[in-house]
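This document starts with one chain, in the form predicted alone, laid out as structure tokens.
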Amino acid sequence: MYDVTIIGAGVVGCAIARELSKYNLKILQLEKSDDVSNGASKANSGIVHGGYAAKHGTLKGKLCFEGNRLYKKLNEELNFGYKKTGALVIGFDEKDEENIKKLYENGIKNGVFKNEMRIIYKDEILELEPNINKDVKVALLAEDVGITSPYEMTIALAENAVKNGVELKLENEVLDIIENIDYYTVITNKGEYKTKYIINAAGVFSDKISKMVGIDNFYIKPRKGQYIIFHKGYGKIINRVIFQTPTKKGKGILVTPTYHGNLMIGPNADEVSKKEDLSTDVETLKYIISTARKSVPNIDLRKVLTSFSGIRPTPSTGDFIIEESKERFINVAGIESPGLTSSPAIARMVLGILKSSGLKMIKKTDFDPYRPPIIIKKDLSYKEVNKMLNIDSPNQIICRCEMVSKKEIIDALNRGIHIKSIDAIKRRTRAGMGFCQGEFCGPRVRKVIAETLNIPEDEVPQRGKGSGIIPKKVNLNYFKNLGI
């Protein structure tokens, strides 16, 4: 009998698991895929949003502001990568200026300090961001915005939760939930689990899970966003996250540096019928490029690296759904943007709900909040890297683009989460995220995984079970050939 079972291992589910691991509870976390962070948590902008955008009076507004304030300490404990960069929401005419003033007023209502946010005009904008569109007239400068690596954050939360006693069971798809007098039986493809409480953090499938216990007062609208990533180092053409004035569909096309120094543009927002449709298409990417160039005109398409897409779990209610919807069944559903930013605060809110519901919670005396980083930054020349490609040492370089060593891969495989796919290693070490996109290092990574886990190389998959089919992607040479 478990005290709490969490369904879903995205950033929200893992933040909840880590928060609950501070207490003397028996906790189970179920995830249908082969790894954590395989849904929206690995395919989003990675922006730690400021408190100005989400409407005052909503859970989004409250939890975004609260979550933003928790990132610095969380990163100090878990080492997933976070940097406060600030952001500009830019405008080109009087209507944009009016909307920017509304954003400022909304931010003040949400609790943002006046010294963290102000409205600036053309000369100052161009001084801060020389590569921005010279037609810009006005902007909201938000100093509290940051960038992070969303999948690394999710992995760090999960590793620390497991280290502190959470039982994470991957490849366990929930098929049904049976209600008993004072507990639930969760039925998966791998077995049955008894639990006093259920926390539904199943992302785009949270409405499906909710219906299993008879709650159907909301539904999830899958909304796809596509992105383009540029070469590492190219993120230096801007200093901050650049937003355009938002629309009813969201924050619009942004231009941002990533935590690891790439440039990223996107996403669009299209409602789709399939919750696992992660394809990209030429027309949408053309739209993203042209719209991003309204913010930063001289984006060089010759530096395009890859494209990807993610599905946002947009709720029919228009706001996060975080409540005890039924006795001992807590819905944490519809967590779209700013869900990544809000996730630490969502975890604390769920903790409060459990306490109010009567779950006895006694803090551990031996909780360990620390999780060391996997990625070791290296300052090596290409000549030095080439010398280390075939040495017989844990310091052997396996991925030359990202300078990933053998010992980093071995470390990633020994963190308490049972992984064995090449993609799982890529998310933890960045092996395969460089210029060659894994063509060189893919076989080398497979060999290290096989040796470490003592399995045949042909049993090491590119993607694990439950990851869905490999999405169709646009050949980005098409865009490179368009020139500057």
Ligand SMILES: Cc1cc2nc3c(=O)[nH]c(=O)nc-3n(C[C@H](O)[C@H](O)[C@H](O)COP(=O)(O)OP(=O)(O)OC[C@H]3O[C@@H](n4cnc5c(N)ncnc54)[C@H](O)[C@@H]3O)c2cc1C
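Since the structure is predicted, the reported quantities are computational estimates derived from the model, not experimental observations. When you see a residue number, it is the position in the sequence shown, counting from 1.
One more form of this protein, predicted in complex with the ligand, exists but is not displayed; see below.
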Establish, in the predicted complex, whether 5, 17 and 183 all lie within 4.5 Å of the ligand, using non-hydrogen atoms for the distance.
no
Contact segment among 376-384, 101-109, 222-230, 190-198, judged by heavy atoms lying within 4.5 Å of the ligand in the predicted complex:
222-230
Among the candidate residues 47, 433, 63, 445, which is the single one with a non-hydrogen atom no more than 4.5 Å from the ligand in the predicted complex?
47
Could you spot which one of 252, 165, 81, 310 gets a heavy atom to within 4.5 Å of the ligand in the predicted complex?
310
Verify the contact flag for residue 323: yes if a non-hydrogen atom of it lies within 4.5 Å of a non-hydrogen atom of the ligand in the predicted complex, no if not.
no
Please run the contact check for residue 338 against the ligand in the predicted complex: heavy atoms, 4.5 angstroms, yes or no?
yes
Do residue 51 and the ligand share at least one heavy atom pair within 4.5 Å in the predicted complex?
no
Please check if residue 202 has a heavy atom lying within 4.5 Å of any heavy atom of the ligand in the predicted complex.
yes
Suppose contact means any heavy atom within 4.5 Å; which members of 158-181 contact the ligand in the predicted complex?
172, 173, 174
